[in-house]
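Next up is one chain by itself, shown in structure tokens, the form predicted on its own.
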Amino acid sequence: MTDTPQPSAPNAETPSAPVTPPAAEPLPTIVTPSNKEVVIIAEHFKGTLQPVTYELLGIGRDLADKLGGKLSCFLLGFNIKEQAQSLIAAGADEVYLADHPELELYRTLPYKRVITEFIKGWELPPHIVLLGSSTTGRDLAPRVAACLGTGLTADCTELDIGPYEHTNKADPDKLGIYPGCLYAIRPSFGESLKARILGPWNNPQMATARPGTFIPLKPDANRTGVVTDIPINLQGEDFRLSVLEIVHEISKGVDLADAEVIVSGGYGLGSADGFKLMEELAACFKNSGVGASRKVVDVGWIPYQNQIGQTGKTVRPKLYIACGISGAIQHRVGMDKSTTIIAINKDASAPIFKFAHHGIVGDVYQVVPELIAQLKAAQGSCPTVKEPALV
């Protein structure tokens, strides 16, 4: 017998040609109006420009060059015209100068009015406005942002500029590619993650930058720029607050932001007396200071002005010696840009050993006295040492 082929069932499935999905429509390019200008709002105390202003000019110069625009700077105060040249030497193309007796001391409302009224008079808004995340900057920035109808990202540790592709269909009116978007990056979740915050919908895009984070440019006395006097039209409502007195606490020793060597102590010191040893070690280096972790500040072993970390100061010395500090992320964010980090801790599994350049596992009260003795023997007397011996 031979098998006879059976006819196919009428409803049998047969392979079909693959269906090519329709090509997605390309996203439109959305250019929000701006004059491609990066604006820095300078900060000074009694006519002395603060370090964060030079840091902002450093990152501002980079952003302006990438944007293909200019870098300008607001300078408000009284009898401060000579400081305008310092801003130009530090990277500014133009300085907007408001020199008036009522601006000698910082007050929120007069400063806000001068800045925002001048910007509102421009044909196109600036692309970016930056301030320091200092006491003054944190007070002034939200006022300026609200008046200009734009967003604000606070306490940034990284800033960049580039295109952003918005594909979230929850905002159908915003779908598109935004060139020249400010990438404002700041720590989040207790400094354990970085959040990238974008707001290209309106210009200016605004941010405040954490002091001690960005590197200033080397001053160039040959740089040329323009100084423009701007109008000052203060109103009676701007003087609701009067400054009666400024109490400026003078800290002992070197400002940690300027110190080339920092010796920091943590809870592993056991008591406040341990900071006497920290001071003795710091004295072995010129231009040095004593820092601390948050925990020892909280228990009152050392003043807040010595605190380094998320809620303290951000520093970048040539040499950072951490004694009895575990290295939690909250402390690390304030000092991990130091050129050389030496950790001394009797706990070999302490997190600080993961990012320190050199580590010593041992008791601080055995290691540090020996280190001091070796420095004294090698260099004579500690206070006369001109350069850090361990860098």
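Residue numbers run from 1 along the displayed sequence. From a predicted model like this one, the values you see are computed outputs, not experimental measurements. So that the term is clear: the rigid core is the largest set of C-alpha atoms that superpose within 1.5 Å between two forms.
Keep in mind the form predicted in complex with a small molecule is missing from the figure; the text below concerns it.
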query	finding
Contact assignment for the small molecule in the predicted complex, among Ala328, Leu49, Leu67, Ile341, heavy atom within 4.5 Å	Ala328
Listed residue that, although the small molecule is not shown, lies within 4.5 Å of it in the predicted complex (heavy atoms), from Gly266, Gly91, Pro204, Gly289	Gly266
Contact test in the predicted complex: Leu182 vs the small molecule, heavy atoms, 4.5 Å	no
Gly362 within 4.5 Å of the small molecule in the predicted complex, heavy atoms	yes
Contact label in the predicted complex: Gln310 to the small molecule, heavy atom within 4.5 Å	yes
is_contact(Arg294, the small molecule) in the predicted complex, heavy atom dist at most 4.5 Å	yes
Segment that reaches the small molecule in the predicted complex - one of 112-120, 138-146, 300-308, 79-87, heavy atoms within 4.5 Å	300-308
After fitting the core, Ile344 CA displacement of 2 Å or more between the shown form and the other one	yes
Yes/no, Gly362 Cα shift of 2 Å or more between the shown form and the other one with rigid core fixed	yes
Yes/no, Leu56 Cα shift of 2 Å or more between the shown form and the other one with rigid core fixed	no
Change in CA distance between Tyr320 and Thr135 in the predicted complex, which is 3 Å or more, as closer or farther	closer
CA-CA separation of Ile308 and Thr135, closer or farther in the predicted complex than in the form shown [shift of 3 angstroms or more]	farther
